[in-house]
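Taking the form predicted on its own, here's one chain by itself in structure tokens.
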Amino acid sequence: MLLQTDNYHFEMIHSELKWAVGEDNVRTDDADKLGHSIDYYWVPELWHDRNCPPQPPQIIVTPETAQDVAKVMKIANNYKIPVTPWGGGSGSQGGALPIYGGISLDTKKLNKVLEIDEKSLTITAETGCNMQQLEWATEKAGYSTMHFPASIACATLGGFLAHRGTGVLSTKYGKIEDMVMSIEMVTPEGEVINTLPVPRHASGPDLTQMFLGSEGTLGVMTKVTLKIHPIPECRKFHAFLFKNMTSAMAAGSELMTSRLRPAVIRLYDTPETAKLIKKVLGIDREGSYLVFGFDGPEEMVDLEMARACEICRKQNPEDLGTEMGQTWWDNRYKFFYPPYMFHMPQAFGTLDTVATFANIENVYWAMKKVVTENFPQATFIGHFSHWYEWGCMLYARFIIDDPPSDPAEATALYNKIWDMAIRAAMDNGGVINEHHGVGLKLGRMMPELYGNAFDILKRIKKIMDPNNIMNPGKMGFGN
């Protein structure tokens, strides 16, 4: 139901929401509605830039407790009003866009750190916490979340839970889903539920993992308990410049398959080394830049670092040493902010995927071939930024400096690049996304990715959200 705002029925619902959560927590002014209608997805930014009005919510609600969220959900479910959760608005997939209007449920007042358990090394916090603020609170107690994404300063904890986000140190400490102990969730019908208090058990299916990555389509996560970690004695880095990406990949994959435990590995292809590594770090030479780091007790770090360097040297790279590794760490966020990041009027997208070591290079070359051969106006670059024992993630990008001025034409071109590049990834063993999520951008590809199993996801959605009010139009679930 798309709420009409020029009749008495809207005012009745508006009043009911204010009675439920307080007048100060319900807003309908145009500035707030505009602010909750554009995230970091390029398409709505483009349309706004071209003076085309976005689809706003009719009401913004800022609950202060899980019980407030439950009240809002009961009202919305009763009237069949769409509800779209909103965290920091930094998502790149359109997952927080209220494309059917209704209520934008802004979680940023759910921002309390509730408990730090120093015996179990866990922290319990509400999901509207800004991630940087949560990390500072953890560090004040002498620990760290070890979740350091590029969006740490502008995204909420709930946003990372919603799309299974990844931080810089994921190679050792895991993605956000590896850090979660348990969650509190408000269902679309307004029931507050909690998953089991531990993440490893044989007590049936794991509901925690089902809700993680559901992008607000199954309910609203309001509280989470995360693992935290002692701050390591030291963290050291080393960098190499390889003749080509293939030899660098051979070294990087051996670091993982040899079962060393680097905290981070990042490998940049030759074009991105020439374009961004040169710009940010000042390395002006041809090749593929590989950096890695280890942390923990210094004696162990030095031992693993020495072994990792031995592995790399088998490929005869140029040794850039510890200084150029540390320089990368010190500047790791610059890649994602002006003046280094792409921005309007450029068209750009992050075609991230993940595959096994047996497939990841094929995925890279297939995506590159599709983009460069079919879209000569586009530049294709990529790096491999999150590594596992079995494979790694490709953070590929396309950039078009002069996209069509007409927003419909530009959107059609943008979607065509996504369609062809992601299908090339799937054809070669990749998936549609690794850590930015599905959202509006990639929902149409979910049935292709999952095949007949997508019907299972749709049935879960139908049971959890019978009136389809939770973030409709996302993740391929339709409206």
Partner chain sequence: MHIQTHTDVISACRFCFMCRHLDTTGNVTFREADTPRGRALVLDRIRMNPEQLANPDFINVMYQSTLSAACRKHCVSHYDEAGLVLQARRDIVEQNLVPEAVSQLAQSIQEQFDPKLTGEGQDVLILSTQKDTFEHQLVHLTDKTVQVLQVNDTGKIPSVLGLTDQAKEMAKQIAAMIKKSGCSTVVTNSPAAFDALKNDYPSWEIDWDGITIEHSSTYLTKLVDAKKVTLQCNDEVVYYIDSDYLRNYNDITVEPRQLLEQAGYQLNPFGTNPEESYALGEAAMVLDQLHPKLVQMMVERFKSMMDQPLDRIVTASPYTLRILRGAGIDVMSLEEALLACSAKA
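Owing to the predicted nature of the structure, the values given are computational and were not obtained by experimental measurement. Numbering follows the first chain given and starts at 1.
Here the subject shifts to the form predicted in complex with its partner chain, a form of this protein not shown in this document.
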**Study point:** Stretch in contact in the predicted bound form with its partner chain, which is absent here, among 220-228, 192-200, 316-324, 152-160 (heavy atoms within 4.5 Å)
**Key:** 152-160
Check your understanding: Contact between E434 and its partner chain in the predicted bound form at 4.5 Å, heavy atoms?
Key -> no
Review point. Does I417 reach its partner chain in the predicted bound form, with heavy atoms at most 4.5 Å apart?
Key: no
Review point. Looking in the predicted bound form, any heavy atom of D106 within 4.5 Å of its partner chain?
Key: yes
Point to revise | in the predicted bound form, A412 touching its partner chain (heavy atom, 4.5 Å) | key: no
Practice item. Have a look at G167, G213, G101, G89 for me and say which one sits with a heavy atom within 4.5 Å of its partner chain in the predicted bound form. Key: G89
Exercise for review: Using heavy atoms and a 4.5 Å cut-off, decide whether E118, K175 and W390 all contact its partner chain in the predicted bound form.
Suggested key: no
Check your understanding: Even though the chain is shown alone, can you say which residues of 333-351 have a heavy atom within 4.5 Å of its partner chain in the predicted bound form?
Key -> Y333, K334, F336, Y337, P338, P339, Y340, M344
